[in-house]
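The chain that follows stands alone, in the form predicted on its own, written as structure tokens.
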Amino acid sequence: MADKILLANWKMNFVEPKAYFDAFADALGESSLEGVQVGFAVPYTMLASVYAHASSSYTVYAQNVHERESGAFTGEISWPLLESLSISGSLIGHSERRQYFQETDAQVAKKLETTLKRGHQAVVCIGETQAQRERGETFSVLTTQLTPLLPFLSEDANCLLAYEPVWAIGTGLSATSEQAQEVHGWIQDFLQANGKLRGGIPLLYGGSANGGNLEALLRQPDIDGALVGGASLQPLDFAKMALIACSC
């Protein structure tokens, strides 16, 4: 696993892949981004084009995947379909999937199980809403979200966890590096208390990460990388973040 991980989430936005990756490469210059794993989670319709134009050193992810491998699930995408496009990673349980499409913790756990059984990488998203945080429920919410995942998590599982404070997604707000570290440290303690190797599962921060706050976040001991939304849509901005990650 790389020292730092930087994963772009383009959400439901169109980006012209060739122009993006040409500009991204130009902005990186001679940097090889040694020690940084860079990935792009993009809409289904763009997977093939992004895979074709992105550097082979970058990972291309789906933004969601169904827990079943086939069947009468109109509008859904399964792992065999993603494999036909050479895609080997997916976001799972993003807060917007939970909020707008009522994905449950049990569904998220099943998607994780299916993904790992097929030998692919899962990026599982967890996090509390603003109302839950204000009620002091952050850690109880995370406990509820993490507990169904435990049977499938281990230091050799091909899995990342992304902590997304929902109140900081698309709002322009961001947890301070100290707030993020507090939660990431708690997650590591929780995993360790449940028999998992501390530090064995990389933890990403996802909540309005940008070029202005990334370095402070990545300097924290339990933050291994970032899941980046809006700031990843502009190649020059995301290249700046990649270079920051490389320096951390």
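Note that residue numbering begins at 1 and tracks the sequence as displayed. The structure displayed is predicted, hence computed values, not measured ones.
Not on display, but discussed next: the form predicted in complex with a small molecule.
Asks: Okay, which stretch from 64-72, 49-57, 203-211, 24-32 lines the small molecule in the predicted bound form, with non-hydrogen atoms inside 4.5 Å?
Replies: Stretch with heavy atoms near the partner: 203-211.
Asks: Only one of Leu81, Ala168, Cys159, Val141 has a non-hydrogen atom within 4.5 angstroms of the small molecule in the predicted bound form; which is it?
Replies: If I apply the 4.5 Å criterion carefully, the residue I get is Ala168.
Asks: So in the predicted bound form, does any heavy atom of Glu96 sit within 4.5 Å of the small molecule?
Replies: Glu96: yes, in contact with the small molecule in the predicted bound form.
Asks: If you check in the predicted bound form, is Pro235 within 4.5 Å of the small molecule, heavy atoms only?
Replies: Judged by the heavy-atom cut-off of 4.5 Å, Pro235 is well away from the small molecule in the predicted bound form.
Asks: So in the predicted bound form, does any heavy atom of Gly230 sit within 4.5 Å of the small molecule?
Replies: Although the small molecule is absent here, Gly230 would touch it in the predicted bound form, with heavy atoms inside 4.5 Å.
Asks: Under a 4.5 Å heavy atom criterion, is Lys11 part of the interface with the small molecule in the predicted bound form?
Replies: Contact check for Lys11: yes, within 4.5 Å of the small molecule in the predicted bound form.
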